[in-house]
Structure formats: structure tokens, C-alpha cells
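Only one chain is included here, represented as C-alpha cells and corresponding to the form predicted alone.
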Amino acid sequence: MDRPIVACVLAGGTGSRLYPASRSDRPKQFHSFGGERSLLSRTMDRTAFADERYVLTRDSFTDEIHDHAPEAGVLVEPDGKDTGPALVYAAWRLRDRFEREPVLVCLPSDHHVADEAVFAARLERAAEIAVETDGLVTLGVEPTRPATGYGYIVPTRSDFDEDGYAAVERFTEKPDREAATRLVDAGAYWNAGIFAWTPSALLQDARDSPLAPLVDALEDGDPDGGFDAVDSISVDYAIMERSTDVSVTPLSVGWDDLGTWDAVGRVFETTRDDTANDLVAGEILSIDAANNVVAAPDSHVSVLEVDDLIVAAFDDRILVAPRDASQRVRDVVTRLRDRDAF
């Protein structure tokens, strides 16, 4: 391709559903969760195909970003207001840094990928599609189960053409299990939150979205004022679901969004004992117990006649919850934030 590919890695969140490992001063992207390298470091490894790489983060994380991604430039967003403002800001900052406008490949820093080579190849193809269509491109993961914690992408047709992409008919956010089953059966894809576009294409669609005041302020050289003028909103709600020029290309690779303890236990099974408990970190004694996720790097945990639990202990904090309540851990964090104790 005759223009630079720039990887933009989102690393400004805290990962509240992975409390107590994730705290306000140590977000999940800096943890390894069973691997030898942090989630952010592994994400940077799989974006090595790009001509340049940037990490988009908040000011309080900047120093530590350099420890995990020394090869990357750092973009500091003026305020943490979800992926919509963040990605519009990144597009504005990166648009004029090259002789020819780049194509951006934007991805979170906290995913698990089974086949890194295939993943990189699909991201490169998504960048090509973004240039060919002059539109917005999202990568859809082929689902392995009717997950209720993910959004879904419905393409306009079930068989992709020889170019490997199709227009998006609609997005569906986190359906219940019955609806998720119907979507999987109908050929929908998981929305992985991985995108490709040129800065001009994204900024053009952002002008006709709730993020229009931010675009105007950025063009006037006032990013702080622009962030003050908009609410927190994801790029999916703000732009992708409103745009009439979005394509989806399939991501056929083992993938998981490491947003919950259930997902971490499913992916990082550093030790699995004969009762099938997932040990993410620490030591475990298990007696007549199964399907528990245990994460306690500095502790020995004994589980007796309990199933389907999360047991996470970090520093002076302990979380015990049903495994199927993984999504609700953010409710604990909300209460702690109200007490200024997160």
C-alpha cells in the first residue's frame, strides 16, 4: 500500500471488571494475567507490521506506558471519555504527521489472540479495505458461543465477496441469550472493537455525530474545550452505528476480550487441576470444587465444595463472586469510587 499504516492502541481505561487486580493506579493493560508479558506489551508485539505505532492513554499512565511499549509514541487524551472522543482525538493528532495521510488501525490493549500472524494479516487487510472504500472498517470475530457480553455486527450478506468484506446492515449491543443465539445462527459476528480508517473518513463522519463539537474545537486548536463540550460515549454509539459507510471484514482467529474474570479464567489456564478449576495466579488447594477462577498471586487459596466462583485477592483486597456475575464486578467498583476507595 502506498500510504503508511499507523497502529493506534487504546490503553486509557482501568478495567473495572477485573477488580481487585485493576485499580485506579494500576489498570489491567499493565498486568500479565498468566502470561510472561503484560497485555499491552503483547498487543504491541502483534502490531509490529505497522509503519508506526502509538498508544493512546491518559496522563497518569504515561510514564508506565514507556515501560511496556518503549517502541511506541504516546498520545495523551485530555480527558477519559470513552472510545468516541479518544479515537476522534487520535485521528486529528495523527492526520497531518505524515507526508501522505495514513490509514489508522485502532485496537484495544487488553485482548487475547491465539494466532498472532493471522491477526496481523487481517489487520493489514482491514487497512487496505479502508483505503479502497474510503470508509470505516470494523473487524468481526466469528463467534464460538452466544455470548451476551459482546456486541454483534450483522453484515448485509452472509457470504463475503472475493475482496473479503461486506457492508454492515446493523449493530446490536449485548443481547440476551435468546437473541444472541439467533444472531449467531444468522451469521452475525462479535464486535471486537477493532477498526481501520483514514483520519479524514472518521472525522467526516464525526461531524455528523454527537462528537461534532469536539471536531469543531479540535480544528480551532482547543482540544480541552472540545472534550468539555461532549459526553462520554463509545465510538460505536457515536459514529459506527450512525454511519452509512461501514464495512465488516471477518477475523477468523482465536480471540477473547479479557474484560472479566470469567474471560481471564477461560483463556489463561496456567494450571488446571483434576477438578477443572482455573488458576490464574497463586497456589490452590481444591477439594470437591470445580470451575472456579482463582487469582491470588501472593496467597494460597483453598476451595472446598464450591463451584463456579471467582476468588481474586490482590494486596489487601479480596473479591468473591459467582462466575456468571463477572459483568457485575463494575458495580463493586462504582460503590468504591463513591467512597473514594478504588
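Computed from a prediction, not measured in an experiment: that's the story for all the values here. By rigid core we mean the largest C-alpha set that fits within 1.5 Å across both forms. A residue's number is simply how far along the shown sequence it sits, counting from 1.
Not pictured, yet referred to below: the form predicted in complex with a small molecule.
Enquirer: Residues in which of 208-216, 123-131, 76-84, 95-103 have heavy atoms within 4.5 Å of the small molecule in the model of the complex?
Expert: In short, 76-84.
Enquirer: Which of these residues, Gly265, Gly193, Gly226, Pro155, gets a heavy atom within 4.5 Å of the small molecule in the model of the complex?
Expert: Contact residue from the list: Gly193.
Enquirer: May I ask you to state whether Thr57 is within 4.5 Å of the small molecule in the model of the complex, using heavy atom distances?
Expert: Yes, Thr57 lies within 4.5 Å of the small molecule in the model of the complex.
Enquirer: Heavy atom to heavy atom, is Arg323 within 4.5 Å of the small molecule in the model of the complex?
Expert: Arg323: no contact with the small molecule in the model of the complex.
Enquirer: Classify His31 as contacting or not contacting the small molecule in the model of the complex by the rule of any non-hydrogen atom within 4.5 angstroms, answering yes or no.
Expert: Heavy-atom contact with the small molecule at 4.5 Å: absent for His31.
Enquirer: Can you tell me if Pro199 lies within 4.5 angstroms of the small molecule in the model of the complex, counting non-hydrogen atoms only?
Expert: No, Pro199 stays farther than 4.5 Å from the small molecule in the model of the complex.
Enquirer: Does the small molecule, in the model of the complex, lie within 4.5 angstroms of each residue among Arg3, Gly135 and Ser247, using heavy atoms as the measure?
Expert: Not a single listed residue reaches the small molecule in the model of the complex, so no.
Enquirer: Tell me, please, whether between the shown form and the other one the C-alpha of Pro175 is shifted by 2 Å or more, with the rigid core used for superposition.
Expert: Comparing forms between the shown form and the other one, the Pro175 CA shifts at least 2 Å.
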